[in-house]
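This document opens with one chain alone, in structure tokens, the form predicted on its own.
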Amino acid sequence: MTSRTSARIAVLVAGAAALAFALAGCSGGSGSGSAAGDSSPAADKPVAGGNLTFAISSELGCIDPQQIGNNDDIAIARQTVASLTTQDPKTGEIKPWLASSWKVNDDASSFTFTLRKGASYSDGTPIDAESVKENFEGIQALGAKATLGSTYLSGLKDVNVIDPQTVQIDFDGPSAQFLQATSTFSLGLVSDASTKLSVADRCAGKFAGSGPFTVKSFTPQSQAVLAKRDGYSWGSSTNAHTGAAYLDSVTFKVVPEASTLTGSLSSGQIDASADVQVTDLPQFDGNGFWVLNRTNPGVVYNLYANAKNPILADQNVRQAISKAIDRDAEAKLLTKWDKPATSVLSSSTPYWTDESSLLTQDVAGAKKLLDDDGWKVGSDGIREKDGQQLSFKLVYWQPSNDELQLVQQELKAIGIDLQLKQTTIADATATNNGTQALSWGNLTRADPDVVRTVFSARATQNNNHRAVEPVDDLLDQQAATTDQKTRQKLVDQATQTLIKEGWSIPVYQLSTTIAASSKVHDLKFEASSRLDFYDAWLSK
């Protein structure tokens, strides 16, 4: 993935299924400048019609919502599927969409959804309980190819069709995260026939979705054109209108070169993008354009230490790395809205607590930890012990050069040599076989269970390659309770432990910034910071 605005990228780190992820605004007809929020403010009455052209910087060749994890692919696919529920971006509350109501048993192991009547897939077949069953069992069958959905359905035991409008989903244990998962694109619904398509055909957009747009054409690495679906009347309860989308179509153009993208937006060849370079954003902050920024929920950008590395197995070394980092300085390298990491979770994530007191730069403290461990400063300024230098290599694909180079300088100041190598996402994924000393990334999701996904030694990712420790019990327990106070306490205990033990070395919070022409209105973000074009419209 080659997105240029660092604040836009969200990454699923490490693990065989590693892929990327990530994503508010202002505007008005006058191009009134920037603002934080969840959508561009509407001006006047929405107008139906027109094509909105949105530039993306990369596209990996797949737009099946149940398989993808890349931000740009998600921007396309999210528009084609509806979900059982939706999540309020301001409160985090789960609200109705295709399901009009639901019940959850006491231990959060069984979920019963009542489906709204009259909704259908774009091939005309009804969205009923049987099709929910086909979808969820299909995602389970996709396994690792369903990068996110397979983790959301981990422990799925049975999907029972009670009647055409009622479906019961049972897990083999508590799964408190599942209700939020039903609001995501990863569990968005496609028609029964589509669940039986080949993986390749689904990636090529040949599926019939449940959302407000359908795939009109898709040319990998070039563009995707989505067409408004006539008759769509089941917009989510967090959207501003019902009925069909206002836009006739949305064209997603791949524009990989940064200056070309900026020039295309300036000249009106494209209407909006979330990939404008940080240095170019000020020219779109007013003057007929608007800029919108939102902190992405989920796990912030972290350095992940590999426990199998004999040096990084030492907690003192991990803590020294964390103490060496000036997180405020890191955030200043990004947009004016970006913030330093204050916890494992970003501040827009439900159950976030400010743990910034644990993340203060302490160079003297870092040096003392290494001194106490017997690491002596060598003639080149790099510490050594038993004939081995304190040196690590970090292979990454994200556009994080400036940020990581600052980390490199900060570590060098305490005697650690950090060698950086940027490569492609494919190469980084292929080489991330569990032997890398350090890895780099984040994961976007508006539920605290994202911490378990990324850090648990019992999870597939296990980014630290750790053996099971007491913190894993805390992560499991938070996933097994729906009591808010209890869950808050468990999430806090887990995140504090991960920071104190140096398994999480948070650096900065990811955010996404949209730059758009003033003729673009009501372009929204979901709670998980995914783009939502359903309410969007263009001035005539």
Partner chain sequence: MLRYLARRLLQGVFVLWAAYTLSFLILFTLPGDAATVAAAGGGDASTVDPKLVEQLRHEYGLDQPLWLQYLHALGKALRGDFGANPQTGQPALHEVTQVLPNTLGLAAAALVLAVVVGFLLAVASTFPRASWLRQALGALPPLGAAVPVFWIGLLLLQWFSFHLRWFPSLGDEGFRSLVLPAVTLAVPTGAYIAQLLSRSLRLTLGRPYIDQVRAKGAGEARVHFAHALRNAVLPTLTMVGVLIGNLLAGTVVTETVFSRTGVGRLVVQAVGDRDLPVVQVVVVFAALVFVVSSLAVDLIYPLIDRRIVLGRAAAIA
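Remember, it's a predicted structure, so these values are computed and weren't measured experimentally. Positions refer to the first chain, counted from 1.
Below, we turn to the form predicted together with the partner chain, even though it does not appear here.
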Heavy atom of G441 within 4.5 Å of the partner chain in the predicted complex: yes
4.5 Å heavy atom contact, I270 to the partner chain in the predicted complex: yes
4.5 Å heavy atom contact, G263 to the partner chain in the predicted complex: yes
Non-hydrogen atom contact G49 with the partner chain in the predicted complex at 4.5 angstroms: no
One stretch from 121-129, 378-386, 193-201, 168-176 that, in the predicted complex, holds residues within 4.5 Å of the partner chain by heavy atom: 193-201
N71, S186, Q79, T349 - the one with a heavy atom within 4.5 Å of the partner chain in the predicted complex: N71
Contacting member of Q422, T242, Q221, T435, with respect to the partner chain in the predicted complex [4.5 Å, heavy atom]: Q221
Residues in 487-509 with any heavy atom within 4.5 Å of the partner chain in the predicted complex: none
